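Shown below, as C-alpha cells, is a lone chain in the form predicted on its own; questions about how it binds or moves come after it.
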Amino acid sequence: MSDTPVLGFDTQQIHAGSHPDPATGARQTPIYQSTAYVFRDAEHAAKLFNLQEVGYIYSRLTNPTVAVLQERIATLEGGAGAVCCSSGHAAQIMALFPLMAPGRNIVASTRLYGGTLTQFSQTIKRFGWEAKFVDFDDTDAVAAAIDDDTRAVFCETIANPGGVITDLDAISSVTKAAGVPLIVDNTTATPYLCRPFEHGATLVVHSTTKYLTGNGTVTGGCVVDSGTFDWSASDKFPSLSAPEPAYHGMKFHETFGALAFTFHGIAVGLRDLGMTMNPQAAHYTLMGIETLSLRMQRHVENAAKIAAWLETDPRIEAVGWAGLPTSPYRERAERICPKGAGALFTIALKGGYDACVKTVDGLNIFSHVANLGDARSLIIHPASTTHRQLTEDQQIAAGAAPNVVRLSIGIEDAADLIADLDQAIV
C-alpha cells in the first residue's frame, strides 16, 4: 500500500476534515444543529465523560460541524489539533487559560489590535494575570522582560493595524531559550501567507471572523496547537503536566501527548468557560475557507497596487505596507510571508486627525466598519475607534497615531479602489 500523499494547500482548504455525511451522503458538511447526542449505552457515556473515548456529548464541548472546522484549520496551519470558540478574543483567553495563574504574566508586543491591548492591559488583571508590553523589534528587550513568572509570549504575525511583520524566527529563539510558549495571532496573515509553527511558534490563535470566513457574516475564534511543546519539562504548567482533580488525577500531557493542549481546551476550557462556537458559524467559515487561497492572492495583489499608488501621493506622509521596496520590513516580509505581506496596513495623512475623519466620511466603495479581512474593502480611523481608549503615546507605539487610518484591502477592482481613495483623501 502506498504512503498517503501530501496534499497541497488548495486541496486541503476544501477537503481537510470533511467526508460525505454517512447518513445521507451529503457532500457539504451539514449544520448539526443539535444540543446533545444520544449515547449508545451507559458504558459509552461513562467513557466519553472520563475522556477514555472521543465522541460527542453536548455542543458546548463538541459538535460535528465545528469538529470539521477544527481539523481543517489545524491541517492548514500544520498543527496537531485545534479548538474553535466564539470569537478571536475568546480564543486569546482560551490560549492563556491552561498556562496562567494568579501572579503570572505574559510578555506581549506593543503592536497589537486595540481590543487585545485592552484585554491584556486591563481585563486579565481580574484574573490576577499581568501583561508586559515590549517592542518586539528589540529581541533583547523581549528576553529581558521574561522572568520566572512569565508563562507565554504573545504577538501578531502581521500587526493590526500597522501591517508590521514580526520576526517570528528571532522571537521564537528567545522563547525557546526561556522555556516558555510563543503564541502567535495569525489572523491577518492566515496560514496561506504564513504558518507560524514553521517559524517556532507553539500556539496559533485566529479570529476566524476575518479572512478565514472572508465575508463578514459570523464571529468565531480558534486556538491551534503545534503539539511540539514539552509541557512536562518544568513545573510551570501544572494544568497540563500535573494531576487534574476533575478527571481523577489524570495528567493531560502524560495521557494525550501532542494533543494535550487541545484536549484540555475542550475538556476544561470549553466545559468551564463556555466560549462555544455555534455550528452555523462553523458552517459559514468552512465555506469561506474553501476559497481562502484565491481570495488571499487577490487581497495581496490589490494591496500591492494600492500601496504603490499611495506612496506617490503628495497627501500621504507614510504607507505601512511591508511589501513595498522602501519598507524597512521588506526583507522580513519575504522571509516570514513569502506569498505576500497581507492586505492590512495603515497610511499616515499629512492633514492629521481632521483629514483622517474627512477621508473616512468621503469614501464610497470602502466601508467604514470595525472589521477587517472581508472581501469588501474596509477603512477605520483607529485613534478615534479601536484604539481610542489608549493614550496618544500608546497609540503611536501600536501604529495607530492620530493621523493614521487603517485599510483592509478587499478583492474588488484595484482601479476602482484607487479612484475611491483619490477622490476622498484630504
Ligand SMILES: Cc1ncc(COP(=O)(O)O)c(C=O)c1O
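From 1 onward, residues are counted along the sequence shown. All values derive from a computational prediction rather than experimental measurement.
Heads up, the form predicted in complex with the ligand isn't pictured, but that's what we're talking about next.
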The ligand in the predicted bound form: contacting segment from 209-217, 96-104, 350-358, 331-339, heavy atom within 4.5 Å: 209-217
Sole residue of 92, 262, 109, 166 within 4.5 Å of the ligand in the predicted bound form, by heavy atom: 92
Listed residue (162, 288, 88, 323) with a non-hydrogen atom within 4.5 angstroms of the ligand in the predicted bound form: 88
Proximity of residue 113 to the ligand in the predicted bound form, heavy atoms at 4.5 Å: yes
Any non-hydrogen atom of residue 77 within 4.5 angstroms of the ligand in the predicted bound form: no
In the predicted bound form, residue 185 touching the ligand (heavy atom, 4.5 Å): yes
Contact label in the predicted bound form: residue 372 to the ligand, heavy atom within 4.5 Å: yes
